[in-house]
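Shown below, as structure tokens, is a lone chain in the form predicted on its own; questions about how it binds or moves come after it.
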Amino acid sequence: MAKKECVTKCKGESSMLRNRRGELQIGEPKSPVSTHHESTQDSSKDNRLSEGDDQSSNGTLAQYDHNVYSPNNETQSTVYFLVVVLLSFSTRFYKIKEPPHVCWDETHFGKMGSYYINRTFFFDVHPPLGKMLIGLAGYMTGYDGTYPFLKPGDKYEHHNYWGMRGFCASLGSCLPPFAYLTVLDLSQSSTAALISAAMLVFDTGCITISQYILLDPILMFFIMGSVLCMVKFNLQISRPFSAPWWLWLVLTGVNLSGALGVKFVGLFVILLVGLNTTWDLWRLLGDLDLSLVDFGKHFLSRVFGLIILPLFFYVTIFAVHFVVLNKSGPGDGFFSSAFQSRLIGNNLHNASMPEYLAYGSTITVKNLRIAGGYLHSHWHLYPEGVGAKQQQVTAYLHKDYNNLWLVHRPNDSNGEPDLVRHGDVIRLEHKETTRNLHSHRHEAPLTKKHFQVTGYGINGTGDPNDLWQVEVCGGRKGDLIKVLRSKVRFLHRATGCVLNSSGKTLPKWGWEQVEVTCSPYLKETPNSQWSIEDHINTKLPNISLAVLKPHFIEILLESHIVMIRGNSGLKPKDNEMNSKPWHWPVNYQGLRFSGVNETEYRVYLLGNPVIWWLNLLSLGLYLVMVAAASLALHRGVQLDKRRIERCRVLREGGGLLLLGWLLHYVPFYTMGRILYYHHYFPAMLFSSMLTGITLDTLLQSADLVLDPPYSYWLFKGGKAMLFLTILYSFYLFNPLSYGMRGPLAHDPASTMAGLKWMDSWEF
């Protein structure tokens, strides 16, 4: 009998324990930020929570507990999500064809989409995935790749551009739903998720940047996809190596490769996922219930899913890029001669030419510095005050007739085409202008410690400053100079300096070409090394250049070096808006996408100021709230389980989003390249999600100052007021996205009159 009573009692206790654990799983979900097996901490956590059970178990408070996650709330969350999806796509696709002309950077990325359709090689400072997808979208929707995309304002006319815009708008429309799901998983609060999504749905900046042929919506799609999949993966803590666990791990890796494949800014979200994974593995290592073998499985699976797989997809992107773009185009000159030899239509593709340099040859000379350019000259002179007022000599990044030079002996004697050897003294005559390559002790235009290089003389006549000694790098006296393969230097006989491409861009008087100098520093560097690319001499036998085609790894490495150097050297063009990082969170200045005066259709990229300033306010509010919560927990203040859960969401979910914001914003302060307002939008995504968690926690904390039901009424009223404020601000500022005509905002007759709240806004 006693045994039977004991069994009955044990069953009852087991049932109670299961119910208790079920309550914890419903009301207190594990953090998706950390993936630690916390089974050893369950009992201590239960004891701590029980301290507040008496405070939260009375019927009056439970009646107004709006944070309990129940089946009804799941249905509500689903309805909210569908509403977010509907509103997001509606706001992005509204007036998608307006204006029917090229806007802002569509002139670049639309043109690059055309290059993919035509299989024409080009150069860009960003990795190729975004442009490839734009080209694919255009091809799939009937665009034939013939529109030139010359400049903003050009009419599209009969060309089918809406497919490329629609593709970008589709990816941009996914951002609010992704934000909703991410915040819902981080906070288990549909209110927080809805606030975050509303901040993005009704932001005029996010709408504008999603409606045009740009890389930004594609980049942000992969960034948000990476964060969402990472959070989903973290939620699989109790089911390691299950099918959903592997699914979210692999999808995280795929999205990371996508983000990096669009822009190098994707490195920031890779760093975020890397830090999360490092913390995850560190906590797993501290779990004594987990064997080292199992820990090794966790480690290797993450290496596969978050390193090897993304790297494979990233390299595959470039493999497809090189296969598709197999025709010569405007980007050839940025790359080495060997790289160019693989491009159909390039003069080096399947070409043949004399193998060794000879007197009497017509040649082009290419600098070995990546994007160093071809030795170039033209009829224009150096301006007054810039060295001697002689003919300019520069390095030009593109194929051009003015890149051709004739190789002569110093004494102008003619005869058999003798081969040029290491140590020979030569004279280079510019074919078009007949002036000699010349240097003297005047300062170079930009690199003041170097000497100026000019074109001097006429029809081959000049002076001793026109003589250069040819040296093969690593060669000996008498060695021949091989076309394309030999690295050569040109030493100026009169001054002892070496011909050099500094890599610096000349001002407008130099047509923004690259400075060429004569450097007194004789150390061998790529800047002072040159190769003979084109070689024309009818008196010499030719050889095929097919053997010089590089391997895939070589062109992959070269393309990255060119992109990185090109990115760091970007400078603003005329009338282009540029800004500083501190401008961005305060919405200091936007960008003109279309139109300037009152007769034009105007679109202005500017975030909804109410939303952006609310984001900025919430950042400060979050720091105060998380500091107060951390202090309360550290001091052992007695809290009920609901308040402990709020503190956890603030610290873990909010902390992850704050870290994402910092990683996508702070690095821009260290960058030397030109920066633009739209660079802030990835960080703005994290800021908006953090705002959702912060404001929801603040509203839920109404019970700290008011008793039920007043705290519940304040929560509902505050939420309604917040959404109404966001909607009304969108009503006021939506013309920024959907187009303005007529007088500018400073005119009382303007539809935007009274809305120019900052003098720096230009609409």
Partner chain sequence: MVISSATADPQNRLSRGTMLSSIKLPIVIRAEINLVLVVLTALGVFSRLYGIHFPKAVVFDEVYYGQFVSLYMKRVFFIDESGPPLGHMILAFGAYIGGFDGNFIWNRIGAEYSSNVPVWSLRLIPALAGSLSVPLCYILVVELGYSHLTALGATLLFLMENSLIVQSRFMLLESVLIFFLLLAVVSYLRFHNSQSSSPWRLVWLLLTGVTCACAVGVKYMGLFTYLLLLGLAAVHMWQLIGDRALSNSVILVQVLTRFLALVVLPLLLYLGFFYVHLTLLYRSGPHDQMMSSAFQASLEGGLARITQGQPLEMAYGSQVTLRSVSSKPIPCWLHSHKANYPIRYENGRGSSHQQQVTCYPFKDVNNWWIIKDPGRQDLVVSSPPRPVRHGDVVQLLHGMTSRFLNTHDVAAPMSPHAQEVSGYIDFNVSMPAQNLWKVDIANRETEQEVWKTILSEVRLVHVKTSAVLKLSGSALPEWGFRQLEVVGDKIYKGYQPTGVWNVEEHRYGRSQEQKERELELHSPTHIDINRNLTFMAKFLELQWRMLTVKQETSEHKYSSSPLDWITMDTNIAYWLHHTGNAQIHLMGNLVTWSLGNLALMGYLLLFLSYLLRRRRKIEDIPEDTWRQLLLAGVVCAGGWAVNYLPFFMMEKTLFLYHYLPALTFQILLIPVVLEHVHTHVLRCTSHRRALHGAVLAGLSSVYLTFWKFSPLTYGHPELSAEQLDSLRWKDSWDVLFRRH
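We call the rigid core the largest set of C-alpha positions that still match within 1.5 Å between the two forms. Numbering follows the first chain given and starts at 1. No experiment lies behind these values; they were computed from the predicted model shown.
The next section is about a form of this same protein that is not shown, the form predicted in complex with its partner chain.
Engineer: Could you work out which of R283, K477, R239, R119 is the residue within 4.5 angstroms of its partner chain in the predicted complex, going by heavy atoms?
Structural biologist: Contact residue from the list: R283.
Engineer: Which residue, L621, L556, V472, L633, has a heavy atom that falls within 4.5 Å of its partner chain in the predicted complex?
Structural biologist: The residue in contact is L633.
Engineer: For the chain shown here without its partner, which stretch in 633-641, 329-337, 464-472, 205-213 has non-hydrogen atoms within 4.5 angstroms of its partner chain in the predicted complex?
Structural biologist: Selected stretch: 633-641.
Engineer: Does any part of K155 reach within 4.5 Å of its partner chain in the predicted complex? Heavy atoms only, please.
Structural biologist: No, K155 is distant from the partner.
Engineer: Find out whether any non-hydrogen atom of K449 is located within 4.5 angstroms of its partner chain in the predicted complex, and reply yes or no.
Structural biologist: Close contact exists here: in the predicted complex, K449 approaches its partner chain to within 4.5 Å, heavy atoms only.
Engineer: Quick one: is L290 in contact with its partner chain in the predicted complex, heavy atoms, 4.5 Å cut-off?
Structural biologist: Result yes; L290 sits at the interface with its partner chain in the predicted complex.
Engineer: K97 versus its partner chain, in the predicted complex: is there a non-hydrogen atom within 4.5 Å?
Structural biologist: Outside the cut-off, so no.
Engineer: Are there residues in 502-519 with a heavy atom within 4.5 Å of its partner chain in the predicted complex, and which are they, in order?
Structural biologist: Heavy-atom contacts to its partner chain in the predicted complex: only K504.
Engineer: With both forms fit on the core, is the shift of the CA atom of R119 between the shown form and the other one 2 Å or larger?
Structural biologist: No, the C-alpha moves less than 2 Å.
Engineer: Once both forms sit on the same rigid core, is the C-alpha displacement of G503 at or above 2 Å between the shown form and the other one?
Structural biologist: Yes; that C-alpha moves by at least 2 Å between the shown form and the other one.
Engineer: With a threshold of 2 Å on the C-alpha, tell me if E524 counts as moved between the shown form and the other one once the core is superposed.
Structural biologist: It does, since the E524 C-alpha is displaced 2 Å or more between the shown form and the other one after the core fit.
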